Each structure stands twice: as C-alpha cells, then as structure tokens.
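Below you will find one chain, with nothing else, as structure tokens; this is the form predicted alone, and questions on how it binds or moves follow later.
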C-alpha cells in the first residue's frame, strides 16, 4: 500500500462517476419484499489481496459442476447468464440470491444506460432512488483483487460504500492498455478528497449532522484509497492482458463489489447498451426512452 501511495499519479480527475445504490444515510424506505431477511451485514470494508489459485474473473470464466449462476431475463432482449463467486464475496452473492429468490427483482428496470461504461438497474422506484429498511439489508464493500470490472462483470451499485439491491453490468468493450494508470489517477482523487474533507471537519461541531456526514465521506474515500491500492499492488500481466483483450472500467476496481461475470448473453448487454436515452433528473443522458424490464432473476446450480 505504501508503494501505491508514493507512486500515485499527479494527474487531475475532472469528475468521478459514482454508481449510486438505493440506500443512503437519509433514506429509510422499505426496499425488500415482506418477509425478506437480509444477510448478516459486513460492517467494514473487506479487502482480500488474493494470492491463492482462485482466478475469479481474471482468467477464463466457465461454468462447472457445482457452480452457482444467475439468469437475468430481460423482456424483449433475452437472457444474461452470469457466474457468481460466493467463495470470494459471500455476503454480496448471498444478498443477491436472497433478493432474486424473494422476487424483488421481478418487474424492476434498467434505469441507467451509458454506452462504453455500464447498464444499471433494480432500484426500488425505477429511477435510481429508494432506500432500504432501516433495520438492515446494507453491507459494506467486499473487495477481492481477483474480481475486476471487465466487460460483462456483475457488480453492486453503492451509496458511499454501502450496498443493497441495485446492480450494474459493465458494457465497455474498448481495450484498456494500462489499468495501472487509472488506478493511480483515481487513487490520487480519492486521497485528495479525503484530505479536503478532513480539513472541513473543524468547521462543524462534533456530533452535528454536518460533522457526521463529512466523516462518512472521509471513511468512504479512505476505503476507496485502500481498495484501489490493493488492485494496483496486485495488477500483473494476467490482469493487464484481460483488460487489453476484453475491455472494462478498471477505475471502479477497489471501490465497488464485483460478484459475478457474464458467460452468455453478451449480445443482450450490447443491445441494451445501444438503446436511445434521454436526460435523467440529474441532467445525465442515461435514462432509457423506452422502459427496459427485468422479468425475473433465476438462481441455478450446475448439476
């Protein structure tokens, strides 16, 4: 980690595209079906610099006997089959399985589509808003360095590092020749942001709403520095080669949970990614003009 911090690039970052999930510290809506019991939450960020033989989605991803996978059925588009990685990110996968089996995803939509980036869906209100029951259902990021944001990766959208129900699928197929440069650039942004918010703390009374909110930001940015630093430290030729061959968005590595990888249905991802979009409430050109409906998410195990 120290090597990463010392080598952080001085390049500036004009903007960071945060992938907001359906929870936040200010919301307390009921995002889950009646009777849903959330998995035991991870209260702190979990970072595994994986040196085992586990390859995650950094190698060839195939389905073998005993593997768990999800089928996301999208009305009018087809099925996306995705291998899940419970051995690496158990809370994330179990949360997704619970929501799928409970029927939460039935009828939800992909509300955010950005070409060469990702497609995002499953918010409570269909527009990226909505929260979780205040009694639970949120968990912090589980980061495993063998799970990265390659084309077709299934990941959790988050609100300041807290994950609940929204997910996104990476749709960028453009070759990335130097993921380490993105890690340096965004690591620099996160570190600088943590410093700026730390300086702001002194302006507010300890225990006030503003003080507590700023502390949340500081924790989030420090966690992001740690996560992306772990990715930087473990980037080898295998990782570089896959980003070069398959594409993806490495600057999201270390800040968001990757818990699955598409094995079939890349054509469905591409069709969704090409739809006409309009500006959303925030002015971002990402809202599909025609609704894209998730009919159902089915969980299966390879016999």
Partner chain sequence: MKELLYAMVGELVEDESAIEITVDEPKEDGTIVYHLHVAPNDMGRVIGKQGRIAKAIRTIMRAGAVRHSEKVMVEID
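Numbering follows the first chain given and starts at 1. Note that this is a predicted model, so its numbers are computed, not measured.
Here the subject shifts to the form predicted in complex with the partner chain, a form of this protein not shown in this document.
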{"property": "Position in contact with the partner chain when the complex is considered in the predicted complex, options 85, 105, 189, 151, heavy atoms within 4.5 Å", "result": "189"}
{"property": "The partner chain: the contacting residue among 71, 97, 226, 200 in the predicted complex [heavy atom, 4.5 Å]", "result": "200"}
{"property": "In the predicted complex, segment of 121-129, 162-170, 76-84, 200-208 with a heavy atom within 4.5 Å of the partner chain", "result": "200-208"}
{"property": "Residue 195, heavy atom within 4.5 angstroms of the partner chain in the predicted complex", "result": "yes"}
{"property": "Interface membership of residue 214, the partner chain in the predicted complex, 4.5 Å heavy atom rule", "result": "yes"}
{"property": "Contact test in the predicted complex: residue 185 vs the partner chain, heavy atoms, 4.5 Å", "result": "yes"}
{"property": "Residue 289 within 4.5 Å of the partner chain in the predicted complex, heavy atoms", "result": "no"}
{"property": "Residues of 219-236 having any heavy atom within 4.5 Å of the partner chain in the predicted complex, listed in sequence order", "result": "221"}
